[in-house]
Structure formats: C-alpha cells, structure tokens
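Coming up is one lone chain in structure tokens, specifically the form predicted alone.
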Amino acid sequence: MTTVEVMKGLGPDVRTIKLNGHVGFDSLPDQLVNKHVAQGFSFNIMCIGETGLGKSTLIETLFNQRFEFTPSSHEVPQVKLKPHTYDLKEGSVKLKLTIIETSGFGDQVNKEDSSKPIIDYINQQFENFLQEELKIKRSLHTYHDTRVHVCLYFIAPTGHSLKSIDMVTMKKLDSRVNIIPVIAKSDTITKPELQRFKTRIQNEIANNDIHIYQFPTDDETVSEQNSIMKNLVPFAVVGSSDEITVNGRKSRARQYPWGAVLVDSEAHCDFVRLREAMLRVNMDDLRERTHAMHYEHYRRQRLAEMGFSDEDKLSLQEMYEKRRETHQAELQRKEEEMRQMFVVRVKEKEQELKKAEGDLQTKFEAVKKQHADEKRKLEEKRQGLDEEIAEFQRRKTAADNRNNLASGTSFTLSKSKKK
C-alpha cells in the first residue's frame, strides 16, 4: 500500500495545514537514505534454465565481475539449487548479492518434478522470514533476507515456441516470485526469427495466463523507460566477459569468424535494457513487490493454517486462548481416539491369543489321541508277541519231550539187541 493510498484511507477528517515556519521534518528522506545506505541492501537473483544456456556468464556480465561459478554437468540426477552470496560495494552503497543456481534443470528424462525443488526453496525462504517475524525478540534490521526477489528465466533460442517444461514451471512460480523471461544466446538466431520468436512467446505467456513481472508505469519518473522495456520482454540477451577494441574503445563482445556481437550495443541485443530494467530502475520495486505481494500471499496462507483470520474480531490474547483451547480439544480428541484404538487393538490381540490357544489345545488333543492310539496299537502288538513267544515255548517244550522220548526208546532197543 502506497503513502497516497494510506492518506486516502484516512477519510475526510484529515486537514491539510500550512506551516508558519521551518520545522525540519523535510530532512526525513535524507535520514532514511543515510540509514539504509549504512545498513546496506540485499538482492537475491534466481537463474532458471537448462544447462549450457549461459546463465553464469550473463550474471557475471550484469555485474561486470567474475564470480567463479562451478560449471554444471548434464548428468545431474535431479535439480539441485546452489546459492552463492557475495558482498559488493559501488560507491557508498553496500549490496549483499545472492545468486541461486538451478543445477540440472531440464536435464532429466522425466521432467515432471523439475520445478519441485525450486518451489520448495522459495517457500523455505518465505518460511524463514516468517519465523523471524513471529519471534518474541526479533532482529529484522540485521536479518539476512534470503527471499528471492527476481527470477531470470532463461529460454532456449529454438526460434519455435516455449517448451512444456518452461510453461509449467513459470505457471507454478508466477505467484511466488517476480519472473523476467530472457532469450539466452540470442545471437544464434537471425533478427527476423528473433522477433517472431518473441511474439510467439508473448502470446503463449498470455494464453496460458502466466503472470510475469510487470514493470510499473504509475510512477512518472520511470513510466517512459518501463513502457519501452515492457515491449522488449522477453529480453534477447548475450553474455560475455571478453573485451575487444572497437573504434578505439574496449567493449565486451562475443567474437566470431564473421564478426563480433557487442554485448553493450542495443543494436545487437537487449542486455543493456535488461540491466537497466532489473538493476538501475526497478530493483527497489522488485524487492518491495516480493515483500508486499508474494511474501504476503504466503504469510496469509500460513497464518490461516495456524488458525488466524481477519474475520474474527478478537484480540491477539483472545485469539491465542481460542487457538489454545482448540489445540487442547484436538489433543484430547486424538488422545481419546488413541485410547479407543488401543482398547480395540488389545481386544483384537486377546482374540488372536484365544484363537491361538484354541488351535494349540486342538493340536494337543489331536497329538494326545494319536499318542494313545499308537500306544494301544503297540500294546496289542506286545500282547501278540507275548502270545507268540508262549506258543513258541510250548511248542519247543513239546518238541523237546518228543526228542527225549525218542532218545529213550532207541536206547532200550539197543540194549535188547545186545542181550
């Protein structure tokens, strides 16, 4: 909400009066400037695009500084985010710059979850800031704000149309971050092809209801510049840190056998316009839009999840007590559910044990019966064997008696013959 909107909301009872002399509060802008210059600023840029589109080179060209980024491989199994923070100083202004690389984006065969790590990272930075705001003892003036202020989305210079992954990713990100699309390595296609490519991208963004960053035109000091820049989106950029001498002046350029592409020439690419749009004209608006719109949207969602609502006309203490009572009731309900679940589980376990006990008893009776049957059969066999042994002994005795009788008869006959 701007100062003008605030003044309008105060109503007709606010009077405008003329001072009779100098008071001194006209130095407030100078005080604010001095305070913020002393504290320094933070600015966080996220670069999204396929590997090899020159993201690192463009960042180094934007800030005219080599950051020594580590080249990314095409064989990364999943998207990894790599934040790099640098302390820069230009004149008396200190800037804490954070560059977030999206290593491996678009390199996987299955690109369905390519945007998930990016969304999780952006939400986590919002959550960190929210937790700092909710602390009893806050230190926001010294807190390092890591919320992403702008996303440079690099589009491959195919000359045809946006890829599906580009449209899906930008659609998922447009409510979380300020998106500025750029056509990477725009010197690889001709001027007519580039213009047709830009028009096609603009149409696809509009048809798919993708909300990219809109350069503000309500401020008279920048409206003319931003109107021109708005028509250049997506910016056709070329990055290079190499210098050549042209007409006695050193210029950054990409050298080819047929000639050179001057990075700082508006006739060759939109790099100068992109730098003006992002750093020289709208950096503060990008920061303010991140806080007032994207972070505010996240904050409302999170507070709603915590049970806070503007519809409840309650004080913070009453809201806390209400939330506490609701939380206690929820805990009691869950405790009762767990108790009931425990009782049910105990009964189920008892039934399982009783069933197991019945099964064991049945098995025991079966084994006992089997043992008794086998014992009876063995006893019958033993009795049969005893009878067979007795019969055998009887027959043996009879045989012995017969043998003895036969032996006695033979002996008598032999004696008779001798006589």
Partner chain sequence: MMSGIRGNVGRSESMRTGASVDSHDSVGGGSTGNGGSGGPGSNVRLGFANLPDQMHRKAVKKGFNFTLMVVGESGLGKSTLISSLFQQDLYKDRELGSATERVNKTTEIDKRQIELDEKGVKLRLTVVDTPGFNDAINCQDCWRPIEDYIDNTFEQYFKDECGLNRKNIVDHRVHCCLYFVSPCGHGLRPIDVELMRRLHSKVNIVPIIAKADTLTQAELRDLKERVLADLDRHKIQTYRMPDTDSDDDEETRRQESDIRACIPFAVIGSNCVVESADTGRRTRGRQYPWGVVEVENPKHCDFAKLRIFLLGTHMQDLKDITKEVHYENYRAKYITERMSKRKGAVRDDFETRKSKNTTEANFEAIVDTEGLLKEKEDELFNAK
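Numbering follows the first chain given and starts at 1. Basically, rigid core = biggest C-alpha set you can superpose within 1.5 Å across the two forms. What you are looking at is a predicted structure, and each value in this text was computed from that prediction instead of being measured.
The following text describes the form predicted together with the partner chain, which does not appear among the structures shown.
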Handout entry: Answer option from 97, 222, 81, 167, heavy atom within 4.5 Å of the partner chain in the predicted bound form
Key = 167
Fill in the blank from the handout: Residue within 4.5 Å of the partner chain in the predicted bound form by heavy atom, from 233, 237, 277, 162, is 162
Exercise for the section: Please state whether every one of the three residues 52, 185 and 204 places a non-hydrogen atom within 4.5 angstroms of the partner chain in the predicted bound form. Expected result: yes
Practice task
Spell out, yes or no, whether the shortest heavy atom distance between residue 218 and the partner chain in the predicted bound form is within 4.5 Å.
Solution key: no
Handout entry: 4.5 angstroms heavy atom contact with the partner chain in the predicted bound form for residue 72
Key = yes
Exercise for the section: Find out whether any non-hydrogen atom of residue 272 is located within 4.5 angstroms of the partner chain in the predicted bound form, and reply yes or no. Expected result: no
Problem - the partner chain contact at residue 147 in the predicted bound form, heavy atom, 4.5 Å - result: no
Problem - Region of this chain that lies against the partner chain in the predicted bound form, out of 251-259, 131-139, 289-297, 116-124 [heavy atom, 4.5 Å] - result: 251-259
Exercise for the section: Sequence order please: the residues of 187-204 with a heavy atom within 4.5 Å of the partner chain in the predicted bound form. Expected result: 187, 188, 189, 190, 191, 193, 200, 204
Problem - Displaced residue check between the shown form and the other one: residue 360, CA, 2 Å or over, core reference - result: yes
